[in-house]
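The data below hold one chain only, encoded as structure tokens and taken in the form predicted on its own.
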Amino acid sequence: MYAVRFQDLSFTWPNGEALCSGLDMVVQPGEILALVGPSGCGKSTLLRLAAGLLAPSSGSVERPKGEQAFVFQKPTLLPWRTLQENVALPLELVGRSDPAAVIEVLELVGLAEHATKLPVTLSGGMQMRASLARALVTQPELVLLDEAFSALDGLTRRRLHLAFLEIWRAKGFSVLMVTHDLDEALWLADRVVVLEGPPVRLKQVVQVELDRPRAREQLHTPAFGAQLQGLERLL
């Protein structure tokens, strides 16, 4: 079983430049897999291939049938719609109406009391939580995160990390995430895939040796520091 599987994947841009050739990678059901690597190596393009936004030149990207959601670096909320209207949008696009589901995910991210507010009235962290709620409203089996926490200040980012981990534990979806933040990769993920390129290649897959559920104190342990130093050496 798998949430996403890249099998002998090759992708070439229209100008003939190869992004990858013969790439194999698997996201296991229920795990958080983080992609790290130098800027421009192809991490975000791999995420778009996983989402089906791009088609491989050869090989395959296999996903079991089920809902998936994509969370971008910026909230991309529609400014003229309230939070609950923004969160309801994915349901509307498939002809569904489920006000209870909208309120449930707003409660999960701690925004139910702000449901009728416009995005402009909220902080950046609250807007990102609304974006996450919008992604979760369809009960996805796979969530794709493209630098989803990078625009936040450090304290807000840590708080949203904790909220995200609590939701992930409760819902059990799989996650494929791209990040430049090695602390974030280790803190959230079960495995970290270190990439190099272009063309993008798997340099090493690192198993994160931290117990779950994660606690803030683990960020300051020798084990976390040692794994962080190991990732830094690989990059």
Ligand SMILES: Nc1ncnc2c1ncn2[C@@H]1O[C@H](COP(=O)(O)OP(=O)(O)OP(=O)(O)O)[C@@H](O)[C@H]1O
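Values in this document were obtained by computation on a predicted structure and should not be read as measured data. One rule holds for the numbers: they count along the sequence shown, beginning at 1.
Keep in mind the form predicted together with this ligand is missing from the figure; the text below concerns it.
- Partner contact region in the model of the complex: 39 to 47, out of 25 to 33, 167 to 175, 39 to 47, 55 to 63, criterion any non-hydrogen atom within 4.5 Å of this ligand.
- When contacts are judged by a 4.5 Å heavy atom cut-off, Glu141 does not count as touching this ligand in the model of the complex.
- In this stretch, 135 to 159, the one residue having a heavy atom within 4.5 Å of this ligand in the model of the complex is Glu147; the partner itself is omitted from this view.
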